[in-house]
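Next comes just one chain, in structure tokens: the form predicted on its own.
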Amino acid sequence: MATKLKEADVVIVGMGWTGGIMAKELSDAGLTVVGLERGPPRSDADFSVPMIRDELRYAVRNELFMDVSRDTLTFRNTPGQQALPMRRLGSFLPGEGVGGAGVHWNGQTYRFSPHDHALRSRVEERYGKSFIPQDMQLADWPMSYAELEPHYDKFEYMAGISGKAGNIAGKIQEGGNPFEGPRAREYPNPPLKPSLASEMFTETTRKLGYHPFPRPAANMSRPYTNPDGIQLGECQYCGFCENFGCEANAKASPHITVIPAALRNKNFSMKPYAWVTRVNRTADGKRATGVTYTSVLTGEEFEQPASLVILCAYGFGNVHLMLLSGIGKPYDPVSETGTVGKGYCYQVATVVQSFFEDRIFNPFMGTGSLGVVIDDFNGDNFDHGPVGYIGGASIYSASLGGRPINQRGVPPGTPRWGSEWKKATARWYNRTLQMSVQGSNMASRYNYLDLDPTYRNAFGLPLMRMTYNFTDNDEKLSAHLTTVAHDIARAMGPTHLGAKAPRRAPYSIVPYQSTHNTGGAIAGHDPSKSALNRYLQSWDVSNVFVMGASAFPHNSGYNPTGAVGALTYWAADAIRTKYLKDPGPLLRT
């Protein structure tokens, strides 16, 4: 029998970016807040030199990621297949522990475009309704870019983003992204120092008529103190950023920003190793009464009562808990009814490599978001009529840091093993430039999440089942934009050009592609088509709010963390200024 604990005003499930922001905002408002995290605690001391520079431990054996021996998901491409458990991480890398994926992320921090927020309306307006494929579940976001702009700004200043604005109050800025939506002010920090690869990409894309700009980065270009008084160090370009915690406190992460700021408030407490197994509800199911969790250290079960439950457990965790707890109706792709599990999206990502005999890139130097990007083929920034698909991609050259185990680029035709392969990896280590295409992904009728009827996790609960495949729209997007990237690489004049390999169905869950999983608990205007309203409040259980990319109606051609942060501040503001004054549904149907 579960031990019942003292009631709190708010219980937060998951202590990554969204959980940390909510903890800070709601404890500042005077509420008693309990944060539960299923993984271990983290601190800056965990990531000190030299231990953090262990590629085998962190980037190969996945020290900071989801433990699939305890809980995983099952996967299949189509509803007619038998789903099987994902027994090792591959295509994506969900985080675990205090800070979540915000500990090991790269720090790329984009804003979604105004077009993304009104996607269906703009596609219909420009190309007509018949341009939308029959099974594509295209939808507008239930809030506009203009409504989110102050919250994007707040996230960027909290996280100390380094970058160059492209549009301040409607005036285009030299050197920034001319396609971005209007912003109120400049980034808090200037861009990072460019690498040779960045300079070559910038020069070439400008000659081709495109509009390169430095990638917005949560890696500090200079020492920074944020509005909460949290100090961040200057990036050292050490190359151990993606998959690692930062040794210099130079990468904004929840465990060194919003969480310690929240912990200054005595009315906030945090419990690591607390695995939430369900959201408890009243007998009529209309209100949540708190959560039940198991200590993964002792196996003891606890009930944490609370007046308000906020799910911040990464997209998969949020949807899984909603399905396990009966919050909302599960999605059925046959009848297209139900909303929980609907709209799962991924990204369509490809890589183009080029090799230069006469260039030395020093790839050991880098950081998570160091690079240059073009937005000319993203959103509505080009004519989709001739190419016949919806969506787009950011195309960029990045200098993330070439580490000795995984940095093994070689030209086409190189043997895949043996002495010649070893010579080639040594020869081309310093001479390889990599470009990437980060393609958007639209919701499709048969791509969804539900509970697996066969397999269970360590707590005896059904695993979540993913049904996902690339669509015809995805294949057209990938073929077109991989060709664009290939042409940019060729224009740089490499000695060797890597193979052109666009994504095609069937999607494979094995090779790493992106950790940008979205949807499953999407926000919308209509409770028959969405799980959440525009304030990320459950339509069905009004004292449950659900944060994170699970609320996205589709996935864009950007990294999602900037939008996730803005949405969280938007929802926190709604809770503070609207819900607390009149607890109940913020929108009536």
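Counting begins at 1, following the sequence as shown. The structure displayed is predicted, hence computed values, not measured ones.
We do not show the form predicted in complex with a small molecule, though everything after this point is about it.
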Q | Segment assignment from 22-30, 536-544, 520-528, 36-44: heavy atom within 4.5 Å of the small molecule in the model of the complex | A | 36-44
(Q) Even though the partner isn't displayed, in the model of the complex is P214 close enough to the small molecule, meaning a heavy atom within 4.5 Å? (A) no
Q: Answer with yes or no whether V276 is in contact with the small molecule in the model of the complex, where contact means some heavy atom within 4.5 Å.
A: yes
Q) Is L93 one of the residues lying within 4.5 Å of the small molecule in the model of the complex, judged by heavy atom distances? A) yes
Q | Contact flag, G97 vs the small molecule in the model of the complex, heavy atom cut 4.5 Å | A | yes
Q: Name the residue from W141, W105, F201, Y344 that puts a heavy atom within 4.5 Å of the small molecule in the model of the complex.
A: W105
Q | Contacting member of I374, V437, C312, I256, with respect to the small molecule in the model of the complex [4.5 Å, heavy atom] | A | C312
